[in-house]
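Quick heads-up: it's one chain on its own, the form predicted alone, in structure tokens.
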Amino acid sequence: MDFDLTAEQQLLGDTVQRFLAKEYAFEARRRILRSPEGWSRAVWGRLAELGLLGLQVPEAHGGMAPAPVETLLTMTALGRALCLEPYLSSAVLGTALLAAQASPAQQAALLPAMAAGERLAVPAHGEPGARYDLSRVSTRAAREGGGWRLRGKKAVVLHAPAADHLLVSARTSGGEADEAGLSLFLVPREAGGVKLLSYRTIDGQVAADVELDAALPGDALLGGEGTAFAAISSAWDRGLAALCAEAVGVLQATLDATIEYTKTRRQFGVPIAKFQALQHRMADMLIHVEQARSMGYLAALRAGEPDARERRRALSAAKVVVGQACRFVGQQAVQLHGGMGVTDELAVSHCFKRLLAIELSLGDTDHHVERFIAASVGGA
């Protein structure tokens, strides 16, 4: 495979990195983290101006999709800066879900606004007890008059408090774990019968549990009734690729911060970077970072694979390697920083929390080991 970047891709990557280095320095990020919203609409607007919110939007609606390498470069830069904005939840998962499931008319109404940063739509799919199983949905949607009645609960919906719309999966037919019978609905966040229990996750992201007992109009249904599972699965795999790329950025930032700290922290009159045992540990960290980087490339290039089984196999392999790197590099960084490694005053503690969250997001390492095995032997 050829991993050389085109001139345009290199320019995009450099532009994003320069923008974030200027506008998203550590102290600026801490101010955003402490703000009531927990993210910056000003930064979101600048990301839209750079065209980065349209990477999953088809060209027919003013975007750049498919743009796997551009997404990789953007997510890596966002990861390195520890950005708190809803890029993964809205610009990747939400946008990819709409592009795959919504009708042409619905896409025309929604996707240009999302690319312009004027509208946020995030998926509300995971439920209590589902344990990463995409087909396990107990939320129900039934026809009521000329519209729909949604009843159910969704768990850990990232950036739900910031979203204009929730993309809610609900079962219109079939059993609780059936792939067939899943539908997708566009639900305004402030609609009657939508209740959010908002909180911050361990890494500072805004999220909410969502309770639904909502009456919706007939056009709230996105695409065909009972046909949403393939779109959900495809969007989740694109999200996995983006998450792996973000992890690489966070891993590199963690390694850089650790190396810099060991050059300045002194014991017995010398920097601790001189100690051979610690050099070995940082070399092991570097190996994990580079392995994750390679798997990030693989994930980006295979996220659009039309063969669902082969796509799942490649994406799960990448997430396993990346998840192992997140755990190892994060733990080593905290240990090499000593007690300072868990204080909010140091960037490495924020990196550690984000790495922990990434390892658990969109399926933890154990889940993806199982999914890789199932895909390798011909299972689901």
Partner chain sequence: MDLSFTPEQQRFRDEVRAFLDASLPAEMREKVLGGLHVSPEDTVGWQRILHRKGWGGPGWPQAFGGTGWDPVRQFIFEEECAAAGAPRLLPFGLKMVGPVIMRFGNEAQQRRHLPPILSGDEWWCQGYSEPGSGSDLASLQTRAERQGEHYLVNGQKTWITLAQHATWIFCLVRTDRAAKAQAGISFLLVDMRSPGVTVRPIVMLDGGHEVNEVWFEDVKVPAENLVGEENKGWTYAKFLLGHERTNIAGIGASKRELARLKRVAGDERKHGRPLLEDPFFAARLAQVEIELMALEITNLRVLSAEAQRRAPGPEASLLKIKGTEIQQALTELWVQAVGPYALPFRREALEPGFAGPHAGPEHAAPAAATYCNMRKTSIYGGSNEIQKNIITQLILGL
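Residue numbers count along the first chain shown, from 1. What you see is a predicted model, and the numbers here were worked out from it, not measured in a lab.
Heads up, the form predicted together with its partner chain isn't pictured, but that's what we're talking about next.
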- Name the single residue among S294, Q267, S173, T264 that comes within 4.5 Å of its partner chain in the predicted bound form, judging by heavy atoms. Q267
- Query: Should the three residues D133, D366 and V369 be counted as contacting its partner chain in the predicted bound form, with contact defined as a heavy atom within 4.5 Å for each?
  - Reply: yes
- Do G193 and its partner chain share at least one heavy atom pair within 4.5 Å in the predicted bound form? no
- Task: Answer yes if any heavy atom of W44 is within 4.5 Å of a heavy atom of its partner chain in the predicted bound form; otherwise answer no.
- Result: no
- Message: So, P271 and its partner chain: in the predicted bound form, are they within 4.5 Å at any heavy atom pair?
- Response: no
- Touches its partner chain in the predicted bound form: G339 (any heavy atom, 4.5 Å): yes
- Message: For the interface check, one of 154 to 162, 105 to 113, 77 to 85, 222 to 230 should have non-hydrogen atoms within 4.5 Å of its partner chain in the predicted bound form; which one?
- Response: 154 to 162
- Note on the structure: Within 43 to 77, the residues having any heavy atom within 4.5 Å of its partner chain in the predicted bound form are none
